[in-house]
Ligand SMILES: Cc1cc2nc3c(=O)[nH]c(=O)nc-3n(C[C@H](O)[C@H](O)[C@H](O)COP(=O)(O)OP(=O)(O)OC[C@H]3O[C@@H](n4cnc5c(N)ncnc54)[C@H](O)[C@@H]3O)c2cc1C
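Given as structure tokens, the chain that follows is alone and in the form predicted on its own.
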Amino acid sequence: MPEVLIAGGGPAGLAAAIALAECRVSVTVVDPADCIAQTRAEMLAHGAGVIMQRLGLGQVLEDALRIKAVESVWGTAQLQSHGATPGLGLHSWGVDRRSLSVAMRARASAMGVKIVKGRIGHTRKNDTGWQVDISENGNVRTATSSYLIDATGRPSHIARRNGATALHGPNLVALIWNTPNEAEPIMVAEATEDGWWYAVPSRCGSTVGFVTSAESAKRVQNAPGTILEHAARTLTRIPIPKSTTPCATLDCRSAVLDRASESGWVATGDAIAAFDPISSQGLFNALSGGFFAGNAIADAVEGDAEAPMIYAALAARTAERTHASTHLQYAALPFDTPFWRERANLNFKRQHSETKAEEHAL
């Protein structure tokens, strides 16, 4: 019987698994995608270097592309270049998500973590822990575990099944194109009336993204070549992909749970708080959150019942601080359009209070 069962094998889930294995806690990771992400360049904040070293993943950073500056064109503002990336430290890294997934999976397996391709279904809490249904290749088996970690991303499957409520910001979608082109070690961001574009370089090529509303994304999906042609005419710094380049769609709206932990479970990564990509904190949050969640549960296994609650409080404070500053970047209003106004006015703390008041009234 694994002492800890982790739902989700992304960066947060695998970081938690590695942290638990370091503490000699038996752990199993269950993930439907077999823990391997698609190739995609993402920016990893400078501060993540310490966590990566603690996870035994220093080689990933050595192989990554060091991003030396961020250039942005925000509406009528002139080109701005920041040698020290705002909020990210002296530099950051352009990391390929697939390479990171492979490295984390190898590290976890080498430490004795069992990784299962499957889905977690019904969960039942009892006096000794959990009974969990796991679907594998069409078959369902029941496993037992003392603790659960929810690393299922924005869906927060485990937390929501056990009474937690997710609060979401305005809909937000990222359209992603991956190109094999070599690029300068510079991240570029550029605003438009309906959203903003970015380009992140890595050793494996560049990822270009357009962050916009769900409505705009649907129009783009119906005619992807049109938006690329328009971008080529209007954008000044973004390297425009070829019209034949495949396009992927990601849900990237902000979200936060009303609780990150209760008896026997904790949530981590995007499952507890998902950040707008404009904050550049998504990957860092996943790695650091998973690391601390794993250590908190390891302490709980040793008898420290307060450790998960302390982790949950710190995670909630981090989420509140990040959400509180994110809307300020939209408040610069490079364009006075509905897209920018809606996100500039987002106040998660007030929205959460209003939602709770409504629930109480019902």
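Quick note: we count residues from 1 along the sequence shown, nothing fancier. The structure presented is a predicted model; accordingly, all values stated were derived computationally and were not measured.
Another form, the form predicted in complex with the ligand, is not on view; read the next lines as being about it.
| message | Quick check on D270: any heavy atom within 4.5 Å of the ligand in the predicted complex? | response | Contact check for D270: yes, within 4.5 Å of the ligand in the predicted complex.
| field | the ligand contact in the predicted complex: A296, any heavy atom under 4.5 Å | value | Flag for A296 set to no.
| message | Using a 4.5 angstroms cut-off on non-hydrogen atoms, would S146 count as touching the ligand in the predicted complex? | response | Outside the cut-off, so no.
| R97 within 4.5 Å of the ligand in the predicted complex, heavy atoms | Contact check for R97: yes, within 4.5 Å of the ligand in the predicted complex.
| field | Per-stretch contact check against the ligand in the predicted complex, the hit in 301-309, 51-59, 25-33, 315-323 (non-hydrogen atom, 4.5 angstroms) | value | Going by heavy atoms within 4.5 Å, the stretch is 25-33.
| said: Within 4.5 Å, heavy atoms only, which of A255, I120, V188, A217 is in contact with the ligand in the predicted complex? | reply: Contact with the ligand in the predicted complex is made by I120 alone.
| query | Ok, V140, V102, L250, L167: which has a heavy atom sitting within 4.5 Å of the ligand in the predicted complex? | reply | The residue from V140, V102, L250, L167 that makes the contact is L250.
| field | Neighbours of the ligand in the predicted complex among 3-24 [non-hydrogen atom within 4.5 angstroms] | value | The stretch touches the partner through A7, G8, G9, G10, P11, A12, G13.
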